[in-house]
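Each of two forms of one protein chain follows alone as structure tokens, named structure 1 and structure 2.
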Structure 1
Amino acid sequence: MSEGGSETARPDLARPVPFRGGGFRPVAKRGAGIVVFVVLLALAEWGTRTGWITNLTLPRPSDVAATLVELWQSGMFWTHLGPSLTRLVVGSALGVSAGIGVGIMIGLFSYVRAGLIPLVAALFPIPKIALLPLFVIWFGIDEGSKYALIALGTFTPTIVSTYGAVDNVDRTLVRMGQSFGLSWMSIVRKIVLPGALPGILSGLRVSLAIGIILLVAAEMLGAEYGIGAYILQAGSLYDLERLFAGVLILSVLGVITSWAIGLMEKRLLRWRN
């Protein structure tokens, strides 16, 4: 009403059409992420130097850096990272491959689906650390229990993302395969699996992040070396510099994993735009 009214005031004037579009589509601003990190670190450094943040609350970033350098120079960096990487790789390879297998079965077969989905839903919220004493009995305190813990932790989320991905495969493509008389195996191999791949890969992001988180839980059990063990020891000694150094390593590990999956996506999913 009012808007229309104001326009009628100068009937013969030619006015440009007002702009009202744009926005709602965030674009990448390069460097903003780095700025945030730098500002946060600078703030922490300044705070701990002036005593505004006590050394009980937060370690000084420069001390954390020094600890990392020291860790590197002492050669212990690889001593800790090596076993952790092995555990992460073996554990999540087991969990992820079993998860993908089960997820695909759930996506394809009615009975498997009906039987396993409630089981998965019941297993998902079980905290793995609560079962630590049992893992000792089931899998021993050597690498077995560590692999098992990480495998179990990555297993359920992989199942969920995989069967979701299989469910989302365009069913017209499957019908197309059938209409050309393709065999069941051909349809699964050539249509269902490649179609589910994007969903499976993006599920992998979450699964591997969980795997990294569980490194700490896994290394609660009789691990002498490993980033998780390093963190736990630092925690029990209340050595904040080492604690943060260890957490930083895990964080970087997470970012690298996510980047690696991004690379895999770029390679394997070149057919998407």
Structure 2
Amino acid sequence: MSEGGSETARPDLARPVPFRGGGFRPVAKRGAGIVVFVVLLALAEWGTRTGWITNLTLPRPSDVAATLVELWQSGMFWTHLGPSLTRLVVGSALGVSAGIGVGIMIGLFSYVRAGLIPLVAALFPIPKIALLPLFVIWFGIDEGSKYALIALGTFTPTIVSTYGAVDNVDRTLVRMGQSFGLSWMSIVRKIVLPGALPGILSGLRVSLAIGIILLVAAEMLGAEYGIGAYILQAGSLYDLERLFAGVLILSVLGVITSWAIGLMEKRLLRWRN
């Protein structure tokens, strides 16, 4: 009886168990974001054509697209976008690289943490746009003040996200490395920095978004060319098609930046899968 019962139980025991190791790992749904954009654009086009939305409130998306085509054909697209990309890349590179370095030092060294965290806490809440006139006095109205504004704007959030990511590294892994006799530098290089990298990259998204915002503010003061200058000119003429075309360019720039960071995460964080 017991033998027969055990034999009948064997097929149940042999049933495959589905793999659950993925946990709450997000699953990519391709095309979902594009569908949302298309639906919103279709609603805006329908609303402006039927009169539910006045042209003084929102221009037709088709007119904005025509403005972008005209901007491209006239050659003014790269005339404005080129200087903006240069300012964003140079300013963000300075601010992010310095912010990551200082953030790692704060996370690793107690004296640096004690000395710099009060300074970072004092600088972080200051609206960086309010410092633009000061930067113009210090660095002039040309490119130096724009680089400095973007660099400072990306510097402080990068510090906060970096030392927070270092603090969140699992201390059990650090103790394990110590128990295996790893040197301090080996623990930092093989445990701390890889463990902090997800938080650093997440903070990078926020820092670069702030950089784009400050780019527009900097170009609205004393810049002949640039997306911010283009938007300011369109706003002064109440040309909504051109204004929304400039805003759309900035939005696409933000999407491309986020996509690039996503590629970096896939390449650098393969060990999480």
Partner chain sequence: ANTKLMVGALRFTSHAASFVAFERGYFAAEGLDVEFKFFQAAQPMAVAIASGDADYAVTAISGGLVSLAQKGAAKVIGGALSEEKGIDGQKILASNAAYDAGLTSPAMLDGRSYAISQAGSSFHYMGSKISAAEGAKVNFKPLQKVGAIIGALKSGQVDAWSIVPHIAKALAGGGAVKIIGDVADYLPNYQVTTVFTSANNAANERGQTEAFLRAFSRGADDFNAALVDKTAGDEAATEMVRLVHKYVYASKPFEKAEKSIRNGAMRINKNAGLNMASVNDQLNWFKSEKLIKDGITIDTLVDPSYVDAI
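For residue numbers, the reference is structure 1: its sequence is counted from 1. No experiment lies behind these values; they were computed from the predicted model shown. The term rigid core refers to the maximal set of C-alpha atoms that superpose within 1.5 Å between the two forms.
Annotation: structure 1 represents the form predicted together with its partner chain, while structure 2 represents the other form. Once both forms are fitted on their core, the CA shift for V136 between structures 1 and 2 remains under 2 Å. Superposition of the core reveals a Cα shift of 2 Å or more for V38 between structures 1 and 2.
Relative to the superposed core, G177 undergoes a Cα shift of 2 Å or more between structures 1 and 2.
Superposing the rigid core and comparing between structures 1 and 2 gives a CA shift of 3.6 Å at G51.
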